[in-house]
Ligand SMILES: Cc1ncc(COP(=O)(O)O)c(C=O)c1O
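One chain is shown next in structure tokens, namely the form predicted alone.
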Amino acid sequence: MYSPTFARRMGSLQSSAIRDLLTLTARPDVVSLAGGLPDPEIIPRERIRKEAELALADPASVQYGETTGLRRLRDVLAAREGARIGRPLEAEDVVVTHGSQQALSLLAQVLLDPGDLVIVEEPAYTGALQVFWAAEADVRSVPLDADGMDTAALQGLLEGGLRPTVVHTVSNFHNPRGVVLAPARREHLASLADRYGFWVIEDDPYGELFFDGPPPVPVAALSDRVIRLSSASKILAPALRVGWLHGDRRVCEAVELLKQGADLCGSSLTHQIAAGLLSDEPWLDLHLEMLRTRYRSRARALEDCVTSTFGDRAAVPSVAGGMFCWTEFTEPGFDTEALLQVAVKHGVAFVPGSAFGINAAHRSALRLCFATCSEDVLADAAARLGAAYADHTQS
């Protein structure tokens, strides 16, 4: 049997550890805190059904559409995003993509040549790592702390001679750390982009899932060198596959050109559904408040249960929004990859911290998703995790 020859870029790619875990933990007896999944019970299925019926009354909803997305949806997104960044946007400034992951992938193709330098946060969003490695970029990292990306460390790298093409940040309720980029650091990052001429990709799928008040002004409001990404997956439904980007119109036009070859156009049907949902502001405000209330309650329940289970053996910082709780074990040399093998036998799963690190760092940490499960299920999951920890440390 012959061995197929693949493109060079395939040699550096590996499957996402999180996607592999979702397959591993699909058993009904496993409580999975591994995926970044919204709770299907609070996805507005009935309202989506009504919007689908309205959309299907229009024959255009089942036809090919514009590569950049349904004009009505881009108008809605331009108004919403323009309000966030404090300046007007037009539909031509927005490209609708097949989820924000496609937006990130297309941007990498537009902005990066093989060998170009990309700087990510450490720990990093795994989807970004996959995209930048596929683009054959030279991926480096800067630390992340309670105030988000350490922009002073970034400045040190720049002053030392590094010249990135792209700096990637998950600015609000970071995946996996759950932290928010502080206002002063947003201003600092924007000023560095202007001074050194790199692009900032501001990845923000979680910004509307705040618990105690909205996050600071987007980085995109502070510099023209920022391309902003977001998504309807976390606030409406992942199955709609509606993401978007906006920024420099020349970049948007280049993304459109590549998108023509990638998928020609998105789904006119789901674009109409999303436009209907996002434009109904009274309904959307109530829906978002319900999501924030539910997720806030679940986050606090998980934090309390994990803290009471492990005490000072684990550090569990409180999160202010999003979907994730980052936990670090304090025992030197503790390995959460090994713990996971025991945890699955106890019927609970998480993502080891090493999945988010350049060169498999963060081995003593893990990421837990609180969004999918009720408070009672989260308490049960924490108990199972505690039993797995006890078995692992005794063995």
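Remember, it's a predicted structure, so these values are computed and weren't measured experimentally. Note that residue numbering begins at 1 and tracks the sequence as displayed.
The same protein has a further form, the form predicted in complex with the ligand, not shown here; the description that follows concerns it.
Proximity of 327, 350 and 389 to the ligand in the predicted bound form is absent: no residue of the three has a non-hydrogen atom within 4.5 angstroms. Among the residues 234, 298, 228, 74, the one placing a heavy atom within 4.5 Å of the ligand in the predicted bound form is 234. The contact with the ligand in the predicted bound form, taken as any heavy atom within 4.5 Å, belongs to 170 out of 245, 167, 170, 302. Using a 4.5 angstroms limit between non-hydrogen atoms, residue 125 touches the ligand in the predicted bound form. In the predicted bound form, the ligand sits within 4.5 Å of a heavy atom of residue 241. Shown alone here, residue 175 lies within 4.5 Å of the ligand in the predicted bound form, counting heavy atoms only.
Contact between residue 99 and the ligand in the predicted bound form is found at the 4.5 Å heavy atom cutoff. In summary, the region of this chain contacting the ligand in the predicted bound form, judged by heavy atoms within 4.5 Å and restricted to 156-164, 204-212, 279-287, 177-185, corresponds to 204-212.
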